[in-house]
Structures are given as C-alpha cells and as structure tokens.
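Next comes just one chain, in structure tokens: the form predicted alone.
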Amino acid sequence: MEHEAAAAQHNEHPPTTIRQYVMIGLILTVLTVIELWLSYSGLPHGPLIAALLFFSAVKFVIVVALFMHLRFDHPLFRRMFAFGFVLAAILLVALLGLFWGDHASTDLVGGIPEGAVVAGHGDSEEGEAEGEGEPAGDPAAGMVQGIPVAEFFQANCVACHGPNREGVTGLGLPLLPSVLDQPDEFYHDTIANGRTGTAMPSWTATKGLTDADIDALVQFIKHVEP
C-alpha cells in the first residue's frame, strides 16, 4: 500500500511543459557560458576551482531535480540522493586538499622563484654557462602540436603576454629575449606546470603539450625577437 501511495503521489505532480524545459535549458546554457568565461578569466587556481565546482553542482542539481523529476519522487529517494551528493562533495574536496600542496611549494618573486638556481636539461653548470643561448637549429622554425611555434603563441599566449610579448599588467610577464635570463629548465617547468598564485596555467594539463612542444616554445621566446 505504501508503495502504491508513493507511486500515486509521483504520478500526481504537474507535467513539465515545453516552456519549462526551454527555460531550464537556457539556465544551463548561461551557467555553462559563465564556466567558460571563468576558465579564461585569469583567476587564481583556488577561486577558479571553487567557482567551477559550484556552478557544476548547481547544473547537476537542476538536471537531477527537474529533468529527472527527483523533486517529485518519494522523500526517501531525495534523502538518498542528498547523502550521496554530500559524500561525493566531501571526497572531492579531500582529494583537492591532498594534491593541492604539490602546486604550492614554490615561492615567487615577480613570477621567478626567489634565489632559484636551476640547471638545464641534464647539463652541468659549466656546460650551461658555455652553451646557454646557443639553440640547436632555428628557434623560429619550431613546431608545437603540428603548427609553427609563432602561430601557437599568437593563438594561445598573447592574451596574457601581449601580441609583441611585451607583457600584460596583472596577467603575464614580458617574454622578450632581453629579459629572459633564467635557465631553459625554469621556463620549461613554468610552461609545463604553471605557477601557483598567477594566471599561468599548466599547459601540459590544459593543452597536452609534450616536452618537445615546450622546448620549442622555450627556444622561441628566448631567442626569437618579436
């Protein structure tokens, strides 16, 4: 009897109209646009991840509650869903906290680790002093993900570093050969892993750049004038 009563209660809810479905779709679209904007807004990693998680949770609840009609179901199902949702959120936050420290171990002064002395790719300090600034081949002819390195830079890096690599205040430092005096390894690590507390993301994580791609970018910014 209880099951039949619950089924009858479920069938009594007013049907969702086409207009309501359209409105829900528009809301989900707006939330997705906001997420995309946040991804390219240059927010620090912490607030960015928190904001994206919030909007994703809102979209998830809307889909489950309205499209899947959970809000009209038996209260037991809503409690089961709420318990699982909270448990998943706690697990996600715990995982973020566990791995967050891996990206926060570098103290930056103007985007450069304070007192950093980094050796090149397997080179000794003496070899670095002799060979630094002598790239193999033509740095301007490098390729990144199958396209010329200059085209890749224009398509992906000018928003933060400027079309002439002069830098953008509050976003990215200048990337001119005259000011890039750190070893190649430093710039390779910056591109690969990003810099915590700045707008610089991990290009290995976001774009899947390989070591060869990153090396081409490093040689381009260090040895090719804009």
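Model, not experiment: these values are computed from the prediction. Residue numbers run from 1 along the displayed sequence.
Another form exists, predicted in complex with a small molecule; not displayed. Remarks below refer to it.
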message = Taking a heavy atom within 4.5 Å as contact, would all three of 157, 173 and 191 count as contacting the small molecule in the model of the complex?
response = yes
Exercise: residue 42 in contact with the small molecule in the model of the complex, heavy atom 4.5 Å = no
message = Just checking whether residue 201 would be counted as a contact of the small molecule in the model of the complex - the rule being heavy atoms within 4.5 angstroms.
response = yes
request  = Determine whether any heavy atom of residue 221 comes within 4.5 Å of a heavy atom of the small molecule in the model of the complex, and answer yes or no.
outcome  = yes
task = Considering only heavy atoms, tell me if residue 180 and the small molecule come within 4.5 Å of each other in the model of the complex.
result = yes
